[in-house]
Ligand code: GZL
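The chain below stands alone, shown as structure tokens; this is the form predicted alone.
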Amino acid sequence: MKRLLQVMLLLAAVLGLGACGREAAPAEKRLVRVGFSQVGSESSWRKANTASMTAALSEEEGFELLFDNAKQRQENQLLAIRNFIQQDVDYIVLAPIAESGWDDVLQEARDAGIPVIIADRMIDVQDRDLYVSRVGSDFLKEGQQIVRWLERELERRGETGKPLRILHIQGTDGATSQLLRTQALEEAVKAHPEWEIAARLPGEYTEAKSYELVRDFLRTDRDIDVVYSENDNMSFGAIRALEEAGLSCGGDGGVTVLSFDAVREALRLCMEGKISACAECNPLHGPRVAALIRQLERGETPEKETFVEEAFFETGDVTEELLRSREY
């Protein structure tokens, strides 16, 4: 027994000397765990937004991303956020479906000590300290740009003051982009008594829904001068329905299609003249969100709201070179 003890002590000593002769293995770098609740995959814009977020919050960039697709249902987002809290993530990123309904779940996140970043649309909460920062677009400005373009175009044609019938295709009800783009149009109609909203159709930001609604509308009313479509995918559906009904898009004699987002396919249609003007809504939020998280990791306080840079396009602005250079 004594000899066995001696052998064991000798072996331990040898192993200890071997360990002293080697450098200690470097500790693995800790990944920052981020839970991201995405609206869905309803549009080309949304898919580009998801791709930007997943690339910027990848392991190569120092993050562990927990991604959840809410499939256009707010209750799925509430469940995802609570799951992220249970999984003790470091940060939560929320791309909200609608503005309201977040107070309770974001309070739960704050109680758990998890900072929340809002991406894309805004939220309406009683306490703005429930989230640390928001990155997104100035949706009202986008709508105002489209309206000002229409005013200038009517002036160019010598049609200022003439009756104008507008088919308004709206996005998801209650989303910031829908509310503010609608607000811009409503303010313009109020300022121009000769402008009339022929109908408002709930396109829900999808091509299929827009196509069906516009197709059905045109069966009873073809007297349309302008389509004000609150995103590109709905514009695609509207253009298809218009053309199937024998109506042309663009030019001085066709229906003027106004769109938002400026994805590559929409800009190609803009170059072809089928979309007359398109306000960009930049989906590449990933690098900005990653930069915000790094600021917070350093103990810094970021700006409460940051608007992304965006452009505006009309038919003569778009070239093949521009299309090739687009990331989305």
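Since the structure is predicted, the reported quantities are computational estimates derived from the model, not experimental observations. When you see a residue number, it is the position in the sequence shown, counting from 1.
Beyond what is shown, the protein has a form predicted in complex with the ligand; the following relates to that form.
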Margin query: Counting only non-hydrogen atoms and a 4.5 Å threshold, tell me whether 228, 270 and 313 all contact the ligand in the predicted bound form.
Written below: no
Margin query: At 4.5 Å between heavy atoms, is residue 121 in contact with the ligand in the predicted bound form?
Written below: yes
Item checked: Residue contact check: residue 57 to the ligand in the predicted bound form, 4.5 Å heavy atom -> no
Notebook entry, point to check: Does the ligand get within 4.5 angstroms of any non-hydrogen atom of residue 205 in the predicted bound form?
Noted result: yes
Margin query: Just checking whether residue 274 would be counted as a contact of the ligand in the predicted bound form - the rule being heavy atoms within 4.5 angstroms.
Written below: no
Item checked: in the predicted bound form, the one of 293, 70, 281, 48 near the ligand [non-hydrogen atom within 4.5 angstroms] -> 281
Next item on the list: Choose from 124 to 132, 76 to 84, 174 to 182, 145 to 153 the stretch whose residues reach within 4.5 Å of the ligand in the predicted bound form, heavy atoms counted.
Entry: 174 to 182
Item checked: Members of 249 to 278 lying within 4.5 angstroms of the ligand, judged by heavy atom, in the predicted bound form -> 261
